[in-house]
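The chain below stands alone and is given in structure tokens; this is the form predicted on its own.
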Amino acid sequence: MQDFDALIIGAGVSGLYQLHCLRALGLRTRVVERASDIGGTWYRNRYPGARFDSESYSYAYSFSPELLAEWNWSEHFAAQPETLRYLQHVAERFDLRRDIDFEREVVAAHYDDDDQIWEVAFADGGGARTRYLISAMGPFSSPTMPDIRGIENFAGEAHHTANWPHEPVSFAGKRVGVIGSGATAVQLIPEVAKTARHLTVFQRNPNWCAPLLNSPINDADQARIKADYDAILALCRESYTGFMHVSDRRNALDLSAEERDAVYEKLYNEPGFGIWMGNFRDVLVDEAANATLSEFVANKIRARVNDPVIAEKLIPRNHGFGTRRVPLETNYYETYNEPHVRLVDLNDTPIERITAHGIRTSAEQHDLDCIVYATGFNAVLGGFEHVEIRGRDGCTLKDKWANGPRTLLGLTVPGFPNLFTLVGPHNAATFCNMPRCIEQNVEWVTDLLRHMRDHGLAAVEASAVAEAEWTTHVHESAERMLLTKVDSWFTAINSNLPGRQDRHFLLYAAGLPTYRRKCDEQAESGYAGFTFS
């Protein structure tokens, strides 16, 4: 059994950077990754249409000026293959692969209180001992399948978007069914429609979508981006969610309808998340203000979809715009104008079962050659639920979080010494332009471990008092937000996860600058919320 100073679970964006930082700290560090290569989300999710909804240059690592200077993004919102090539470039440039074990899945991690060591078990029967255990599993590492009778009986092709084959999948001449209409499906559906003989979309709940408006990066753009990197990163650092969009400090309800709509029109016709993250300050906290934005976007859907009946089915009725994650789309609504594309509303005709030949709803049999499950993830918590993590006295993390997660800073948990949860629940990185918050997470953990090294400390653990204070702060910060009142993965109420009924807000909604300040205050206080040994 090998011994390490630090073991990192996952070789995605956070795991790679954490490895780089702990190497610099002089710690014997190993990354274990269940896939056969680096990339995490960008390795697994290779379905047609997968791409950023962050501006590419705002998503890149910022820790190395040389890396920023040498990498040229080809599009303002890069597609999955380019993003994976970027992460592979990072791994090669910093020689990270030599400290990564691939095809090695963690199934259990138990803390030995006497030796102050984590004992880690792998699916292949091997194991390791490590002083520090760092989860870099990511919030989207646990895909979910719908609970539908007969799934195993289908005789055609079947794929989940989060476990997409590495070899090309052709839809040409095929009858394809897509189950789902979330962010993944919104990217996938227009691509499938380009070549499929017939496409049937089985929609459970429509989502509010906004145009991505992607475009290539030309030479002039490239030069401007390189010259403006300091300003771009500074803007991301100070914005609420780490994106290149800052909210309008006015209230929608203080303006006339004409003034409001002019702002909405401008944002709707600009690339990226401006319509969500750069809108009026009251549209995500006031139902009346939100209704003005929702009706504006509803009218856009009506204008883009030719059949008024279909248009109304594509307009959400159970939540307002921006109160769930907003998918960014390219010709998504226009896809439903194509004669070979059909929308099936599962609220009207639910799926009864999957047969050998397709999908049977309460109304009819849909014969299919291929089924794609775009049914999302057990977000944020799923990775932790698939590993038996036991802390002091044999308590499991799953049991501790049975009534909702409780953490300090979304990075540590009382009763689980030397465990760090990058991009975990109650962490700003779960509601953020991920790499901007990931870098903050990783650097904060690295600074804490440097503090421990310099002071001869073997173990660190959050106090129960600090945990209670942080968890209360997380909940109080989110109370006024409309997104806490809506069923979504933000609140752990996911239609893909039957039986999960209690609403537990999983994100940190007070914003990246506040989160960073709270983390810095802990460090500046000598880590007052922690106990050391």
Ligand code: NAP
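In this text the structure is predicted, and so the values were computed from the model without any measurement. When you see a residue number, it is the position in the sequence shown, counting from 1.
A second form of this protein, the form predicted together with this ligand, is not displayed here; the remarks below concern that form.
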{"query": "Of Tyr240, Phe171, Phe140, Trp73, the one that lies within 4.5 Å of this ligand in the predicted complex (heavy atoms)", "finding": "Phe140"}
{"query": "Contact residue in the predicted complex, from Arg406, His366, Arg175, Arg324 (heavy atom within 4.5 Å of this ligand)", "finding": "Arg324"}
{"query": "Contact test in the predicted complex: Leu293 vs this ligand, heavy atoms, 4.5 Å", "finding": "no"}
{"query": "Proximity of Asn331 to this ligand in the predicted complex, heavy atoms at 4.5 Å", "finding": "no"}
{"query": "4.5 Å heavy atom contact, Pro271 and this ligand in the predicted complex", "finding": "no"}
{"query": "Residue contact check: Gly278 to this ligand in the predicted complex, 4.5 Å heavy atom", "finding": "no"}
{"query": "Per-stretch contact check against this ligand in the predicted complex, the hit in 200 to 208, 285 to 293, 352 to 360, 391 to 399 (non-hydrogen atom, 4.5 angstroms)", "finding": "200 to 208"}
{"query": "Contacts with this ligand in the predicted complex, stretch 163 to 186 (heavy atom within 4.5 Å)", "finding": "Ile179, Gly180, Ser181, Gly182, Ala183, Thr184, Ala185"}
